[in-house]
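Only one chain is shown below, in structure tokens, and it's the form predicted alone.
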Amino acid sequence: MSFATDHIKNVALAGHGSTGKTTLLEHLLFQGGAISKPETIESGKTVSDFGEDEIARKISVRSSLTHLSVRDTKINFIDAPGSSDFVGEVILAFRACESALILIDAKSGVQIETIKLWRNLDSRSKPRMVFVTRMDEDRANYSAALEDIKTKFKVAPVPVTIPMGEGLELKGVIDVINQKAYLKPANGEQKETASDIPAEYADAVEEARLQLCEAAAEGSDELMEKYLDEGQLGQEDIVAGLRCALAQAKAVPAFAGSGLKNVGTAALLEFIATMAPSPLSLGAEEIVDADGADQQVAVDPAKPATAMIIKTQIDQFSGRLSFLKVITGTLAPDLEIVNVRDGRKERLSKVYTAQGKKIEEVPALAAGDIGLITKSASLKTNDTISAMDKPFAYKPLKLPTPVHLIAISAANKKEEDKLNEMLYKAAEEDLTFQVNFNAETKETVIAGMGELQINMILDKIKNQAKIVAETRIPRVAYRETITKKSGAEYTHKKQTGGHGQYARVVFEVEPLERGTGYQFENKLFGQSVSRGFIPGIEKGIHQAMENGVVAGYPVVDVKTSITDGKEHPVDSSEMAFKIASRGAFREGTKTANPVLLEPIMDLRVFAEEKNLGDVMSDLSGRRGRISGQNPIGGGIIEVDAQVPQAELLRYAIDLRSMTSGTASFEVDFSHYAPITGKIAEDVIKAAQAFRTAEAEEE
């Protein structure tokens, strides 16, 4: 069955790790009739956590698409992982969905990942709802959780449902909008059914109703004026106003319940089906036009079909799955589309929706719907497919830079190619995981958002292909430069019988401003060296710059000038001048006070205020220079610093240990800076040891 755009709701399910997202979704699918029985995490049979790694570790690792229908409305849920290591999966869920449901633990309240998620939603002005879960557990407190949200985010959540009792006394929830009570089922495998509101909750319902009126009045100026004049709003006004206020992210509807006991799911589904924004109300997507300018395209079922690939999944049984969000038109079998990235055309075979790992063929996917196509070898995440005459590309997912780097190789060298193949396949599925070969350090380096993400990828490769990988801290790409002006001359002379080799060059070398790179100047006067030999001289300089005289690292920020030279009418050649200039450059840098340079990184740490002292003390011990501290809300402080890259190679692990996993960081390259003394000596020794080991291997 296919659904029209105005009868589709897309909701991202997110929250701090272990807040019960997968369990809640399982019972939402059960309550909505999409599955016949809800499963537990322990059973390993839940709809959204179907990967072997997810089942083994009992955590969500990748986003999962599921769906159900409430009357004539289709609700797509994308269940996103809670660990910050898998933030890429959260970002694609937020991008694809018009609203988000954030889970808050009834005992713990707002946690660190909740704050990060909220900031991400704020940056998108994305509508959101909150579900305070685990209300059946001891010390659960709905009011405290809502107050914590208000304190941390400076927004007052609006209780759409209120609990009847808390903790072990939880009897069910009350739907304040529709004036219904839902008693807790005898067990979590029974559905909620509506009943009358018990008389003892009349005052609590009336108080919550007033809060709903106030929130609904924020939906439009007319409703605000009416509310101020009359002091109340009718049922239709509350529904219309709250729908508008949610779509404008002016109101945060709040729900209470327990996923495991199937409490609160019926009212939540009813609200999403009737009140959550549809793709038509919020579905503007950014594109880059032919001139490179940013524009927006509204979700429109009447236009020719376009869609964005939001996720790539390579399944050992189903093959290559390309998950997509349809933005305009309708995707249907036999439609001819073009991949905007490379201009390749293909005809769609079938289109599908997904219920976790189970894919279901559908007649079509309308604008605003989320689904997938299979076996398209050319499609990659972030691609745009289009049936338009003048196709355009949607802006790609804005993903964070990976922060945890590891050098990797196969324990069995014969398996190196197979290992790399599987690493690149993993990188195609998760764009926050990257694989690069560093030609300078001769290492394959993998990068991810954290140790957990990388370990799970390597475990999967080991289990599937029986390949054991060896990992180590990557080598740092140091540089060398000079600090004063110097001169040098070098004569290359070789007689081999017949034609010999002869070239003489005289150089000046001088330092340049950091980051300039390299300059060459020809200061020759007269015809001491023919113009045709100048390219050979420059090639020799470039070769010499590849291996400096201090520790064999590339030389940067140097200007070389040739001031004199001499050639032989028979024995001179481009090769001879290349060799001579290589020697002259090395001799010149030796006397120009050469130094090592190390990469300095811009570091931004996001930590709770209680951990601030430890974080700053640790950064000082890493030779970091702290430039600022900025409160960013939710009790989180951003610490800005510049730190040598060599001090950050294990920072992802160390910061997690230092802050019990509550802090995160971002890092970018800034510049190169000189190092001397003991640090430089250690770098030189390590470089010499590496070259010795490399020579022995050869």
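Quick note: we count residues from 1 along the sequence shown, nothing fancier. Predicted, not measured: the structure shown is a model, and the values here were computed from it.
What comes next is about the form predicted together with a small molecule, which is not displayed.
- Among 59, 649, 35, 667, the residue placing a heavy atom within 4.5 Å of the small molecule in the model of the complex is 59.
- The listed set 148, 136, 430, 383 contains one residue whose heavy atoms approach the small molecule in the model of the complex to within 4.5 Å, identified as 136.
- Shown alone here, residue 536 lies farther than 4.5 Å from the small molecule in the model of the complex, counting heavy atoms only.
- Though the partner is left out of this view, residue 162 does not reach within 4.5 Å of the small molecule in the model of the complex, counting heavy atoms only.
- Using a 4.5 Å cutoff between non-hydrogen atoms, residue 82 counts as a contact of the small molecule in the model of the complex.
- Among heavy atoms of residue 327, none comes within 4.5 Å of the small molecule in the model of the complex.
- The partner is not drawn, yet in the model of the complex one stretch among 601-609, 179-187, 259-267, 418-426 has residues with heavy atoms inside 4.5 Å of the small molecule: 259-267.
- If you check the small molecule in the model of the complex, you find no heavy atom from any of 301, 304 and 336 within 4.5 Å.
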